[in-house]
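First, one chain by itself in structure tokens, the form predicted on its own.
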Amino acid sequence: MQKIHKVKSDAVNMRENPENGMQYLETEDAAAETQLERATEALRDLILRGTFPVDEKLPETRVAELLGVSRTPARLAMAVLEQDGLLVRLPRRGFRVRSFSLDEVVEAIEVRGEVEAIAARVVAERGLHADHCARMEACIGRAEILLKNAPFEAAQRRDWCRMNVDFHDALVTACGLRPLWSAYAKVNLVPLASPRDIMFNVARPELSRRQLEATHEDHARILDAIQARHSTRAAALVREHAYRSGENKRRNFPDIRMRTMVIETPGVALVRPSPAE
């Protein structure tokens, strides 16, 4: 397998003296941080795309080779992804790629729904700022246009994913609560739990279209409730919307295993059926 990309250091080599000594240290620190960020995101992408077997030890030398870095930044990147929940530390043996059950995915979506419900309640009580309102209305308008185009081809599917992310991000951003945004970002790290993680069932296009139409109707009702300052209703609609998303994942998952599903976002490689399925 070829290397994904070479992670290069942006450090500037300067002699340390009373005038530029601190600048030297700051530049090296910034370069190291940038290198780690690049290595972490590259490794995240590799893991989500199923490059490594789940629940097996992740070879540090292999990670360093694919990222084009030394073993130290590779090890640090793995430690970051352990904190994000994608890797599990092994006793004295490094890390393994974590697998997720479908139940865990659905639970994460429901938690995301609770976070978004708080945002909807707060925004409805305080009032929706015009900029955020325009952003959410634009998302609803984009969805209406996309639904008129049949069939849903790859370009339309990508546009729908972007629209869905924009709508949910706008809702959480509009409430202005930073801890809420942190919780929202954290739960979105679970594979298939983010608003971006939409599965389009090409084996059953009529089912896929009904799911998209229901999503569109949910968005319109949520925005209407917020604009009307009906905080309790807005929160309830968001929870129902999240529940529907989780049920869609359950309903579509068998088609994933039969490889008849089009996946617009990586992460499905880490998800396994729940024990009862």
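The structure presented is a predicted model; accordingly, all values stated were derived computationally and were not measured. In this text, residue numbers run from 1 along the sequence as written.
Another form exists, predicted together with a further copy of the same chain; not displayed. Remarks below refer to it.
This chain lacks the partner; the member of R233, R239, R221, R250 within 4.5 angstroms of a further copy of the same chain in the model of the complex by a non-hydrogen atom is R239. Only one of C161, I140, L180, C133 lies close to a further copy of the same chain in the model of the complex, with a heavy atom inside 4.5 Å, and it is L180. Contact check for L128, E153 and R157: none of the three has a heavy atom within 4.5 Å of a further copy of the same chain in the model of the complex. In the model of the complex, a further copy of the same chain lies within 4.5 Å of some heavy atom of D84.
Under a 4.5 angstroms non-hydrogen atom cutoff, a further copy of the same chain in the model of the complex has K186 among its neighbouring residues. Interface membership of R121, defined by any non-hydrogen atom within 4.5 Å of a further copy of the same chain in the model of the complex, is confirmed. When a further copy of the same chain is considered in the model of the complex, P205 lies well away from it, no heavy atom lying within 4.5 Å.
With the partner left out here, a further copy of the same chain still marks one of 165-173, 140-148, 194-202, 108-116 in the model of the complex; by a 4.5 Å heavy atom cut-off that stretch is 108-116. In the model of the complex, D84, R89, P91, R92, S101, E104, E107, A108 are the residues of 84-108 with at least one heavy atom within 4.5 Å of a further copy of the same chain, listed from first to last.
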